[in-house]
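What follows is one chain in structure tokens, specifically the form predicted on its own.
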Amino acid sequence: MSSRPELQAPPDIFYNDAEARKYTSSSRIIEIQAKLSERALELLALPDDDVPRLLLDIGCGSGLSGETLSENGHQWIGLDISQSMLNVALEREVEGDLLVGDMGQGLGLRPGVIDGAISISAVQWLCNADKSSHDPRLRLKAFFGSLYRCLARGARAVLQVYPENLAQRELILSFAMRAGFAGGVVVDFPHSTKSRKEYLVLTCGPPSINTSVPTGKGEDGESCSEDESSGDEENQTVSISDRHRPRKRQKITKKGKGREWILRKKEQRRRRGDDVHPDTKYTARKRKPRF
């Protein structure tokens, strides 16, 4: 059986009472969560003016990452699907406000009220269909759309993820771009199998100088530029800034748009997560003229 939790059971089932307490009592997990949260907060690049910000912790669990936000003087709201994890957070008397909810159904927050968002090891769960009604593309679309709406203009979201493969990383990033975000992927320690960490650094708004993607850390803890890690295309910092590239005009023959063209367009809409009618023998069939 795979060691990845998201491949073993849905999050609300995997993180039951026993697993939630085991997770929160592990000194190793606590140390890792603190480091990841500190790095995510650093990538948020909040103004250094000693003014508390209202931050969102997506997949907050038992509040380990929220403690880092509180220690830095910020207020926060935590969202998680596991009631057991939230119960442990209540027992630990964390300072944030806690919400139980499925991020794949949207965040349900008022537009423009959040100054920044972090997520530690949670977003990759959206790539799994835990129920027959779950479509990963629709869930990613709902999540990133609601996240974009609740963030203030120019605010950042830093999502630390463990994508299973390159295709899964590209799937997550593509839906973030379609929601309107600018940004890309920051990879820390790209050449280390054990220490490698990936962060989606997203900014609410169109690309600009302020939305440039930070560089990842190298083996010595210092910044690692793209030139230093350009030997491996998959391991370098990825910056996305050409979301609105002009589309090529499609040539239409004198016969018009045939069945092949329509099927191709329907498949493109399915990949975007749109609701598309199923293909039948009547698809693209020309209707008879009415008399």
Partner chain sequence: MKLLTHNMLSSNIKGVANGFPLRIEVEKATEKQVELNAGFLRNVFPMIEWKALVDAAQLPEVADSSMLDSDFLNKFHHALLELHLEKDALVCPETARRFPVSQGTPNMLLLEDEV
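Nothing here was measured: the structure is a model prediction, and the numbers come from that model. Residue numbers count along the first chain shown, from 1.
Another form, the form predicted in complex with its partner chain, is not on view; read the next lines as being about it.
All of Gly273, Val276 and Lys288 with a heavy atom within 4.5 Å of its partner chain in the model of the complex
Not a single residue of the candidate spot has a heavy atom within 4.5 Å of its partner chain in the model of the complex.
Might Pro136 be said to contact its partner chain in the model of the complex, defining contact as any heavy atom within 4.5 Å?
Contact with its partner chain, no.
Though only this chain appears here, would Pro52 touch its partner chain in the model of the complex if you measure heavy atom gaps against 4.5 Å?
Judged by the heavy-atom cut-off of 4.5 Å, Pro52 is in contact with its partner chain in the model of the complex.
Decide whether Cys127 counts as a contact residue for its partner chain in the model of the complex under a heavy atom distance cut-off of 4.5 Å.
Close contact is absent here: in the model of the complex, Cys127 is far from its partner chain, nothing within 4.5 Å, heavy atoms only.
Using heavy atoms and a 4.5 Å limit, would one call Gly180 a contact residue for its partner chain in the model of the complex?
Taking the distances in the model of the complex, the answer for Gly180 is no, it never comes within 4.5 Å of its partner chain.
Which of 86-94, 119-127, 157-165, 186-194 has heavy atoms within 4.5 Å of its partner chain in the model of the complex?
Looking at the partner contacts, the answer comes out as 86-94.
Which of these residues, Leu200, Leu140, Leu107, Cys204, gets a heavy atom within 4.5 Å of its partner chain in the model of the complex?
That would be Leu107.
What residues, if any, in 115-144 have a non-hydrogen atom within 4.5 angstroms of its partner chain in the model of the complex?
Contacting residues: Asp115, Lys131, Ser133.
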